[in-house]
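In structure tokens, the next block holds one chain alone, the form predicted alone.
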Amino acid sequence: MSTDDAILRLDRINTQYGAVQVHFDLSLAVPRGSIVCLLGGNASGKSTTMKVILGLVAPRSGRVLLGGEPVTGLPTPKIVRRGVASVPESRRLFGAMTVRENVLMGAYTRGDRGAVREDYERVLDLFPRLRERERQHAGTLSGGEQQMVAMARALMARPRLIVMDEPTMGLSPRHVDAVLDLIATINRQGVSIFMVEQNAAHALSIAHHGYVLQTGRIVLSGGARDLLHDPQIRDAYLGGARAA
């Protein structure tokens, strides 16, 4: 059994698309039970980091460890079965399917139907707005409601870790606050969170630790509160992340 205290660890990851190198010895860790955010502007390598974690892109070198065990090179379905769920950018819901059908898609790898029904009820208790719209087609929901569906779908997999790609992108301020509150609530229930965000203020307001990625390299890391309130760091990096 591993003694690693990180639910997720990237160890000296180098990634390329053809001749273009995206990551340069990228290393980061998500301690168990924490919220960790990865900040950076466009073309910094954030989205590729998510794809490496989920097994959608294979790094040229380095390791991805889940609970101390290597998962580098495993296909995405096997990584999901090991306890990783995803809330992708732009939600990627099935617009012609109902909220209920979309949420239950998160349990597609599970065979315990009775427990799935119980989990579904618990998830709707967490997202009461979705219970009101259970039979509504997902494509007719607001952006914030669609994000809630994507988060509820991820929870149906009973994950140890949820990775989120730009969870507040394109949302109204009211829905941003609601989504951030829900992320914090999910984390308090014992699920570790790794989120990629351009909006540093949003991410750091709920995170425990943050990393700043610039052209494939980690250039800053530290406690979220320190990063949020340090004037020099905020002006040099976090302001740029918000504006990107």
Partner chain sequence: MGGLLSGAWIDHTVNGLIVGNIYALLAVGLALIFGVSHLINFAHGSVYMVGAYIGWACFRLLDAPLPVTLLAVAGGCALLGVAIERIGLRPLAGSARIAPLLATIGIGLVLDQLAQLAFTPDPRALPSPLPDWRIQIGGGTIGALDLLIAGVGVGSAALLYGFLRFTKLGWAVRATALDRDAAQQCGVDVNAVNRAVYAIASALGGVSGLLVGMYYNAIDPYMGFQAGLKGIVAQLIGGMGNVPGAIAGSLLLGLTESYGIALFGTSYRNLFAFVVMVLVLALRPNGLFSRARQTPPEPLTGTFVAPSRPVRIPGWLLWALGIAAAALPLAVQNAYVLQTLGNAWLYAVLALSLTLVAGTVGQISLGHAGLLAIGGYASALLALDAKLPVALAVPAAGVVTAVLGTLLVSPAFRLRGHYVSVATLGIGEIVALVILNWESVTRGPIGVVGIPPLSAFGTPLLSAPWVYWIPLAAVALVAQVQARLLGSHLGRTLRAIREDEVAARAYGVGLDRYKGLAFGVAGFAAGIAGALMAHVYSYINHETFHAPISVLALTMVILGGLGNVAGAILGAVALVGLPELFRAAAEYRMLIYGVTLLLLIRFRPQGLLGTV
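Please read all numbers here as calculations on a predicted model, not as lab measurements. Residue numbers count along the first chain shown, from 1.
The next section is about a form of this same protein that is not shown, the form predicted together with its partner chain.
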Exercise for review: Scan Leu124, Leu104, Val71, Leu155 and let me know which has any heavy atom within 4.5 Å of its partner chain in the predicted complex.
Suggested key: Leu104
Exercise for review: Check, residue by residue, if Pro77, Arg92 and Arg110 all come within 4.5 Å of its partner chain in the predicted complex, counting heavy atoms only.
Suggested key: yes
Review point. With the cut-off set at 4.5 Å between non-hydrogen atoms, does Leu56 touch its partner chain in the predicted complex?
Key: yes
**Study point:** is_contact(Arg81, its partner chain) in the predicted complex, heavy atom dist at most 4.5 Å
**Key:** yes
**Study point:** Close approach of Pro88 to its partner chain in the predicted complex, 4.5 Å, heavy atom
**Key:** yes
Review point. Should Met169 be classed as touching its partner chain in the predicted complex when contacts are defined as heavy atoms within 4.5 Å?
Key: no
Review point. 140 to 148, 126 to 134, 169 to 177, 96 to 104: which one contacts its partner chain in the predicted complex at 4.5 Å, heavy atom to heavy atom?
Key: 96 to 104
Review point. Going through 32 to 48 from first to last, which residues have a non-hydrogen atom within 4.5 Å of its partner chain in the predicted complex?
Key: none
